[in-house]
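One chain is shown next in structure tokens, namely the form predicted alone.
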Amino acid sequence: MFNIAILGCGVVGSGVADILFDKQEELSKRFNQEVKLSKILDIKNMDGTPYAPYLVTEPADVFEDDSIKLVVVTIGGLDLAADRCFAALKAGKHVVTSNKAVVAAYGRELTKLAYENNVRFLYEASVGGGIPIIRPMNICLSANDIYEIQGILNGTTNYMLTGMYKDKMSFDDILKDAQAKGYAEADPTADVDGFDAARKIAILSSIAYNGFVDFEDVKCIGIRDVIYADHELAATGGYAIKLIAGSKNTEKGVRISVEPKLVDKSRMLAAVNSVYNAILVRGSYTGDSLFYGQGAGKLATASAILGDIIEILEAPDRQNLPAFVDNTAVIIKDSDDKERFYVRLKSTFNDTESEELKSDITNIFGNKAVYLGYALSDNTTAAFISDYCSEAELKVLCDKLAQCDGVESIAYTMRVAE
């Protein structure tokens, strides 16, 4: 008999329970033993729900029950969820979790503890919801040297950026829309400021580059300063704006960030819209591999959790210590790499006087700078794309441009994704 307990029966936890109810007979036949949900640990009253017969309210009812072989942790937040993961592993139970905060903060310690207790700690659902990505990186792509990851890893911000352009909305208006539809929390900070995506790219990078990446070392620039005119001007040049969580493994160390970027519309990531997520993995043998699908949601995330449960049922004794448990990645804080940048400025000229502004941009940034013109939605806002330069060089050049007649200020810059 293989009994399973769920800790936290919210949106995702109830989804896991629903799938276990639906698949109990199938799983039991497949693995030649009874596989079933045994207990649900929660503080909520579940009277009148299908989960009520399984409800327990004391942690000891789970951790001291030797018949429970696997614990699914779908509690939100950090401290309590982490404590429950540690307690389950110490009790000799396999743990599967969707909690990215726990994995990002304590993934290496929990993985090591699982190894020491001859059980497994899996977390496919912590990144990308229902999109398979961690298992493919660990198995299917493991022959590759993965050297770069770029992803749209947050459905809330992708919905907002898509809607901002499509419906010509301000940041505040599209945020209210996302909250009304349940895509954004009442406190949207984790999403719109990039912290949610930072945890996810840190988890993926730790696996890919064989060294632990602390999410607190991820440079985060959210989408609060992106305006509709940016989308309009980017589209003029053939680009879409996406919040890109990206990392690259170099000889000097790992460059990693979450920030809005211009993505050429010919690239796969540019076509990922609304609440969908996508992850582009670049490997030494495979080249570019794209993983696309629903990055969140009750059943999509629960499906990924069931995938981990099935993996444990297939190989409960499989043990390995990934390299990130003992190795820490070197993070490059400042880079002198040359990149292209989108530059938005406020101008006292109007579109009919744009030749003087265009000339100043060419004189300062060179004739490879791409002038995008003025926004139709705001005739005081203009933009261009620079030639390749470092961040330090960009600042010097922007300071020069700011001194030119007709330039009121350099309002905003963002990178162009390569």
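From 1 onward, residues are counted along the sequence shown. Computed from a predicted structure; not experimentally measured.
Just so it is clear, the following notes concern the form predicted in complex with a small molecule, a form of the same protein that is not shown.
- Proximity of residue 296 to the small molecule in the predicted bound form: non-hydrogen atoms within 4.5 Å are present.
- Taking the partner from elsewhere, residue 196 is found to have a heavy atom lying within 4.5 Å of the small molecule in the predicted bound form.
- A residue is said to contact a partner when one of its heavy atoms sits within 4.5 Å of a partner heavy atom; residue 99 fails this definition for the small molecule in the predicted bound form, lying far away.
- Heavy atoms of residue 191 reach within 4.5 Å of the small molecule in the predicted bound form, making it an interface residue.
- For the candidate set 103, 304, 153, 202, a heavy atom within 4.5 Å of the small molecule in the predicted bound form is found for exactly one residue, namely 153.
- The stretch in contact with the small molecule in the predicted bound form, judged by heavy atoms within 4.5 Å, is 155 to 163, chosen from 86 to 94, 237 to 245, 112 to 120, 155 to 163.
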